[in-house]
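In structure tokens, one chain follows: the form predicted on its own.
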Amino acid sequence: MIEIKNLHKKFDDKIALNGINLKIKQGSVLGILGPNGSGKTTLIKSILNIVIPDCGTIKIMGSKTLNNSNYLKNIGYLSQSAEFPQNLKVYQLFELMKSIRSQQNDQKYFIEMFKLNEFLHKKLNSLSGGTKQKINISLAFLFNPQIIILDEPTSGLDPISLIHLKKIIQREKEKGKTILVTSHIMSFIEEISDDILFLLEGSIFFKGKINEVKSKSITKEKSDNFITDFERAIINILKNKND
């Protein structure tokens, strides 16, 4: 579905991506983790042709992405900072996006899931950040894309909306969609993901199943029980790297 070979990107003197090789299979959820500046967003933007790599290739569904915009119709994208005309009402935004894209999913499902009916006739500039995020998530899934990329989708969501997001991700995965999710919330990634990609300083530090992550670092310490086994494993793996 997605194949990346020898991807490099540098911004001035900073290496953002350093030889990324990656295959992402169809019908799976890949959780992308890593500290700030690890290359998560640069990788996502390279897949979307927003950032042009210095070298390397990306293939989506068998087609190279460079100088090719046709593949983008098969992608739904939630940006960390999605911006729309603030004077538009919510229903007008939905209609505008539907006039641009086809292959629509069930709009009613997303509106009811996130309880957006009461906001449809309100302008975007009057809405809270959490409500805007629900709208942005709905638009990412709305056009029945084969690949869905969610960059920090939990930002601004209340606990109930977070549960709804998990349900939506599971629903679309069951349809055979390929979903990439970046997040700083490891418990969320642990719940939704089939595989984990951990980036560090622009390189792949780990890729595999969550159980494989846990098996790499087992500790009997009881002083930090507020940390999950998955979170503890990530912390200990990073400690071992730095030792």
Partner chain sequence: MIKILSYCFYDITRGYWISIYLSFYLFLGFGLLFLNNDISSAIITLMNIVIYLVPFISLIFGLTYYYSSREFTELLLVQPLKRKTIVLGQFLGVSICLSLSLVFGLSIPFFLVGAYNIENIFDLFVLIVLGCFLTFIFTSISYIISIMNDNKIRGLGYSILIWLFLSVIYDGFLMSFLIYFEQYPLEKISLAFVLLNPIDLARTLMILNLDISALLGYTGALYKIYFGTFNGIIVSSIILFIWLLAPVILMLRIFKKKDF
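Values in this document were obtained by computation on a predicted structure and should not be read as measured data. Residue numbers count along the first chain shown, from 1.
Form predicted in complex with its partner chain: not shown, discussed below.
Does each of Ser128, Gln170 and Ser193 have at least one heavy atom within 4.5 Å of its partner chain in the predicted bound form?
No, because Ser128, Gln170 and Ser193 lack any heavy atom that approaches its partner chain to within 4.5 Å in the predicted bound form.
Though its partner chain is not shown, can you say which of Leu116, Leu93, Leu165, Ile147 has a heavy atom within 4.5 Å of it in the predicted bound form?
Spelling it out, the residue with a heavy atom inside the cut-off is Leu93.
Find out whether any non-hydrogen atom of Asn49 is located within 4.5 angstroms of its partner chain in the predicted bound form, and reply yes or no.
Yes, Asn49 sits close enough to its partner chain in the predicted bound form that at least one of its heavy atoms falls within 4.5 Å.
Does any part of Asn67 reach within 4.5 Å of its partner chain in the predicted bound form? Heavy atoms only, please.
Yes, contact at 4.5 Å.
Indicate whether its partner chain has at least one heavy atom within 4.5 Å of a heavy atom of Lys177 in the predicted bound form.
No.
According to a 4.5 angstroms non-hydrogen atom cut-off, is Lys40 in contact with its partner chain in the predicted bound form?
So Lys40 does not count as contacting its partner chain.
Please identify, from 180 to 188, 196 to 204, 40 to 48, 27 to 35, the stretch that has a heavy atom within 4.5 Å of its partner chain in the predicted bound form.
Result of the contact check: 40 to 48.
Taking its partner chain in the predicted bound form, which residues of 1 to 38 have any heavy atom within 4.5 Å of it?
In sequence order, Lys9, Phe11 come within 4.5 Å of the partner.
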